[in-house]
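Single chain ahead, written as structure tokens, the form predicted alone.
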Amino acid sequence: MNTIPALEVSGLEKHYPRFGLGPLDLTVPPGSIYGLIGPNGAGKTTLIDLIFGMGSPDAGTIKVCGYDHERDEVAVKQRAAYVGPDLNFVAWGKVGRAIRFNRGFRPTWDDGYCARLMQDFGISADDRIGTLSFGGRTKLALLLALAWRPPLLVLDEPTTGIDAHSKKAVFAEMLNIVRDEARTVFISSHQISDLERFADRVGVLHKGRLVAEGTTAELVDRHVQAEWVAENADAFAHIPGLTVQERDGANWRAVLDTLTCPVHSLESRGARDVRTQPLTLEDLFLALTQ
């Protein structure tokens, strides 16, 4: 069984005049679906660009299936496929021509798999790419990435603009390709409810930093929303695992990572009438990135 991470990011930093990514550490196990969520400007696209060699990091390393993304650039591109909203295949005219072109330089291209995907996605070889809807062009990009069976599939907002039936087909295919534990899907998306259902692991990126990470069940189970009463504000300042959402006089509301900030630790700091309630992944995302 393969134990080499499909994607391994270590100490990654990239700095711009008004934005900084990292330091970022992130590991995606092989044979998993990993969801990276974050608001606009969090650094998701910057990370994906760096994975595929569009820019160089200021510090740190990125490895794809054990290969360095800069030193082993060819090996990385032979193992990782990208689907994003910026891809444009209009120059090929028809779907069939785009398929023939991509098949020509992909030794692992699977014609039978490609034909099945075309049927599942409702795409015909005779369809003119220029007349496809935005969702149709997204499905074409997914088809061209999936049909050569890459070990790592990197998807940037893969379900934007596609209908509910097509979305179901896309995620069913995601589950199919990781079932043999040989291939991995890394998804950057705003569709939090979809990721909560399908992702094995989730990372929450905010202002260039990973503010929460773990299995989907673990993240939801270990975080709670807490309310309490306390007059001493200094007692609740800068506590790891405590994200204050609102304070009105002596009344507090916050999200707790109970792994690092157990509920009883609030009481030991003078909190009274402590009440907690569970969170969904979307609740947690909104709380950590407000």
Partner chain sequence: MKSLILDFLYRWRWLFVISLLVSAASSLFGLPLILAPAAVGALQLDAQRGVFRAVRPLPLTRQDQAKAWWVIGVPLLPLLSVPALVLGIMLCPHFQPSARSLQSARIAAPMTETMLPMEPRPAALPETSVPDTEHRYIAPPQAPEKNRPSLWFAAAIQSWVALGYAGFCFFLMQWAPQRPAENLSENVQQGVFGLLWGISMPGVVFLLPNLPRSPDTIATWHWAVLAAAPVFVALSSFSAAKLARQRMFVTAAKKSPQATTESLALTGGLTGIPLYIVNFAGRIILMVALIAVVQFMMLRLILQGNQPADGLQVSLMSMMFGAAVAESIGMRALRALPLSTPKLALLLSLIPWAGAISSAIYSTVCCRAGNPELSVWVNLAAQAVALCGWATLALSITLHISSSGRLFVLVLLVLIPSIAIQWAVQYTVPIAAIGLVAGCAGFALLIRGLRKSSAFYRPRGFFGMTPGQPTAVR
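All figures in this text were calculated on a predicted structure; none of them were measured in a lab. Positions refer to the first chain, counted from 1.
As for the form predicted together with its partner chain, it is not shown, yet the points below apply to it.
Enquirer: Counting only non-hydrogen atoms and a 4.5 Å threshold, tell me whether Gln78, Ile123 and Asp126 all contact its partner chain in the model of the complex.
Expert: So, yes: the whole triplet contacts its partner chain.
Enquirer: Of these, 23 to 31, 246 to 254, 39 to 47, 232 to 240, which stretch puts a heavy atom within 4.5 angstroms of its partner chain in the model of the complex?
Expert: Contact criterion met by 39 to 47 only.
Enquirer: If the cut-off is 4.5 angstroms on heavy atoms, which of these, Arg183, His206, Arg137, Arg201, is the one near its partner chain in the model of the complex?
Expert: In short, Arg137.
Enquirer: Using a 4.5 Å heavy atom cut-off, which residue among Ile99, Leu146, Val170, Leu210 comes into contact with its partner chain in the model of the complex?
Expert: Only one listed residue qualifies here, and that residue is Ile99.
Enquirer: When the contact criterion is heavy atoms within 4.5 Å, does Gly53 count as touching its partner chain in the model of the complex?
Expert: Contact with its partner chain, yes.
Enquirer: In the model of the complex, does Thr215 have a heavy atom within 4.5 Å of its partner chain?
Expert: No, Thr215 sits far enough from its partner chain in the model of the complex that none of its heavy atoms falls within 4.5 Å.
Enquirer: Given that its partner chain is not shown alongside this chain, does Met118 nevertheless sit within 4.5 Å of it in the model of the complex, heavy atom to heavy atom?
Expert: Although its partner chain is absent here, Met118 would touch it in the model of the complex, with heavy atoms inside 4.5 Å.
Enquirer: Asn88: heavy atom within 4.5 Å of its partner chain in the model of the complex?
Expert: Close contact exists here: in the model of the complex, Asn88 approaches its partner chain to within 4.5 Å, heavy atoms only.
Enquirer: Across 98 to 113, which residues bring a heavy atom to within 4.5 Å of its partner chain in the model of the complex?
Expert: Ile99, Arg100, Phe101, Asn102, Arg103, Gly104, Phe105, Arg106, Asp111, in sequence order.
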